[in-house]
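Quick setup: one chain, the form predicted alone, written in structure tokens, and binding and motion questions come after.
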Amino acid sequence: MRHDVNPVASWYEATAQRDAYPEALGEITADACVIGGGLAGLTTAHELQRRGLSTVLLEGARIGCAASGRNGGFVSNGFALGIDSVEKRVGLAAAQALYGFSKEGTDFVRQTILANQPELIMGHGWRMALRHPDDGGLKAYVDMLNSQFGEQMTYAAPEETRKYLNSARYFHSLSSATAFHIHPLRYALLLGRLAASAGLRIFERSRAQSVSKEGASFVVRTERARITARHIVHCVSALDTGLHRPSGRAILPVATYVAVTEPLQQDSIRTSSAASDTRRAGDYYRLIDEGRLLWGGRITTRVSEPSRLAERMKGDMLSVYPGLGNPRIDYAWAGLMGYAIHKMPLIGRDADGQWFATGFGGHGLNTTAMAGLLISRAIADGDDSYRRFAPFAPDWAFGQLGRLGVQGSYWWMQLRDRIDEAKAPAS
């Protein structure tokens, strides 16, 4: 499956300055070839090059042009699958080890930005609000994260929550001071510049068409090049699930949508932290440059942008914050994420010896960095920490049937959201 990406429509593209990288041509030899120029591919390739392996990165379009440069920009610890669910599957000690890797990914993003382009951090903190009164479950979850996973979460009552998120829709909340939010495309472009300075050969508009094994090496063919490398790493996520069958067949493409308003004068969102809520279909948002509001949500498996996207996103904003009035939507776009059925990243090596790092939907900015570190250490240093993800190996996602099933579940979640919100007490 292949979906082309229009890189123009997002606020991120409008506020970033790209470097040009050449197309791959002719015969190329390297120690490692990384396929995919998103955050996972860029981090992996940079780390391999930094560790002394001659590395090539192939990107079919432009680096960071897909989900890596079109997402909400939140950076926080954890995974798309809640850590309590991870613990149920692998036990407390293994869950703590995995969560530690996720923290390392968050720290990598933070330190890389602070050391090179600190203005890419657009705000600190993250607050997640309940759309119904808490029955004690959220506070227990906060206590568990703090005591067992070394977090520094804070629990807030409705009055405290509404000091920051002034909406009658919201009740209790949790907040994290260690999270932050960034301009994800500019971060991807920064990684590209750092990697190129370290000697990485980046090739854009060089889509990998096939990978074959020839002796002790692999051969990757593009339209106009033939790359020979001892190590192959697949980091293509949902945009091309056919190149590497073991990981590709395990990916469900899930679209989410983002809108950015005109600059606002408002008293509804009173925090520079990122914010989200417990709506099953997921609202996430933050204030960005010039007081603009970036709002994301409307998760679906439909990969085409819905008609009248801007007005639909505005309707979602105003259902939570009617005090925003009637803001103009200056940008609206879709991003295609890759999810595994178990909602954990796919990180490992197949029976043929090819590496893969994909499936970062729902929590990508820290987990892409985490995966790049784990895979590069495995290849360069023989570190087998990546095997901690073996319980979350690629499982077949049932192809089109799986997409239909997921879409049906999202529709059911949206219906349950509406029912629960109708029951919530007025305040």
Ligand SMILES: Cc1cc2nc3c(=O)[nH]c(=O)nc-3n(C[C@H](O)[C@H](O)[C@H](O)COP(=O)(O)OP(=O)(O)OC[C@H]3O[C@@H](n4cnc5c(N)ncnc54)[C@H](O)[C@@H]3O)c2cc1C
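Don't overthink the numbering: it's just position in the shown sequence, from 1. This structure is a prediction, so every number in the text was calculated from the model and none was measured.
Below: the form predicted together with this ligand, not depicted.
Chemist: Mark D240 yes when one of its heavy atoms lies within 4.5 Å of a heavy atom of this ligand in the predicted bound form, and no otherwise.
Modeler: D240: contacts this ligand in the predicted bound form.
Chemist: Please determine whether R207 contacts this ligand in the predicted bound form, using a 4.5 Å cut-off between heavy atoms.
Modeler: Yes, R207 sits close enough to this ligand in the predicted bound form that at least one of its heavy atoms falls within 4.5 Å.
Chemist: If you check in the predicted bound form, is G361 within 4.5 Å of this ligand, heavy atoms only?
Modeler: Close contact exists here: in the predicted bound form, G361 approaches this ligand to within 4.5 Å, heavy atoms only.
Chemist: Flag S175 as yes or no: does it have a non-hydrogen atom within 4.5 angstroms of any non-hydrogen atom of this ligand in the predicted bound form?
Modeler: No - in the predicted bound form, heavy atoms of S175 and this ligand never come within 4.5 Å of each other.
Chemist: For the interface check, one of 330-338, 263-271, 141-149, 192-200 should have non-hydrogen atoms within 4.5 Å of this ligand in the predicted bound form; which one?
Modeler: Checking each option against the 4.5 Å cut-off leaves 330-338.
Chemist: Check, residue by residue, if L39, G60 and G73 all come within 4.5 Å of this ligand in the predicted bound form, counting heavy atoms only.
Modeler: Verified in the predicted bound form; spot residues all in contact, yes.
Chemist: Counting non-hydrogen atoms within 4.5 angstroms of this ligand in the predicted bound form, say which of Y284, Y170, Y321, F218 makes the cut.
Modeler: Exactly one listed residue reaches within 4.5 Å, namely Y284.
Chemist: Among A30, L365, L373, I379, which has any heavy atom within 4.5 Å of this ligand in the predicted bound form?
Modeler: Among A30, L365, L373, I379, a heavy atom within 4.5 Å of this ligand in the predicted bound form occurs only for L365.
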